[in-house]
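One chain is shown next in structure tokens, namely the form predicted on its own.
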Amino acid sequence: MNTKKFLIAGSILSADLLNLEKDVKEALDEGVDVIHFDVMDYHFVPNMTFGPAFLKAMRKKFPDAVFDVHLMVSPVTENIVDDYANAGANWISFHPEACIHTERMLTHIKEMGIKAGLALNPATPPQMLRYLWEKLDFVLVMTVNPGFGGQKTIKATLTKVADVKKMAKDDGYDISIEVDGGVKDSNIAEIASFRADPFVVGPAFFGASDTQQA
């Protein structure tokens, strides 16, 4: 029987901030595929997290890891993107509400050899994606409102996952749909059934008593 290998992105927002190097190493050793950085600025969301200097330090410790940077900042500028790209990001996603020229920013990210993605809040309609497929490597569907870890998945957003996948297929594109928000062992199979992949996992991994089992 063929089994699909889904990608797991561990969100360090839920890790032990005083022992991040240890937690990230443990995550990578135990099979987490991607390390997810939730970048927040107190403007786009009511929280503040990891700057590019932190990402650069992590890159020095983990030169071969895949780093997924989700920019929850406003405005999204080329300078901000450049700072995270130069610090070692492999994937960068941002929210269209925070960027005046969305297509231009996606082009800029891709020209640096980085995977480019758009992040959609629960209430953000996906219709704009039809005009951007050629510039997108993935779409990040937020299944919670961004800003804090540990929230419960908003069920209605799963329909958006399926809608985006169908839209892409109808237009002749195979786009990865990353899902972020409330993913855990009890619902990941249901979310996968909507054709999501990869999955951002926070407390369900970093908060588990047995992370290897998680």
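All of these numbers come straight from a predicted model, not from anything done at the bench. Start at 1 with the first residue shown and count on from there.
As for the form predicted together with D-xylitol-5-phosphate, it is not shown, yet the points below apply to it.
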Open item on the list: Just to be sure I understand the contacts: of V76, A116, A85, M142, which is the one whose heavy atoms reach within 4.5 angstroms of D-xylitol-5-phosphate in the predicted complex?
Closed with: M142
- [ ] Would you point out which of 159-167, 185-193, 55-63, 33-41 contains residues with a non-hydrogen atom within 4.5 Å of D-xylitol-5-phosphate in the predicted complex?
- [x] 33-41
Open item on the list: If we define contact as a non-hydrogen atom of the residue within 4.5 angstroms of the partner, is M72 a contact of D-xylitol-5-phosphate in the predicted complex?
Closed with: yes
- [ ] May I ask you to state whether G202 is within 4.5 Å of D-xylitol-5-phosphate in the predicted complex, using heavy atom distances?
- [x] yes
Open item on the list: Is F148 part of the interface with D-xylitol-5-phosphate in the predicted complex - any heavy atom within 4.5 Å?
Closed with: yes
TODO: Decide whether L13 counts as a contact residue for D-xylitol-5-phosphate in the predicted complex under a heavy atom distance cut-off of 4.5 Å.
DONE: yes
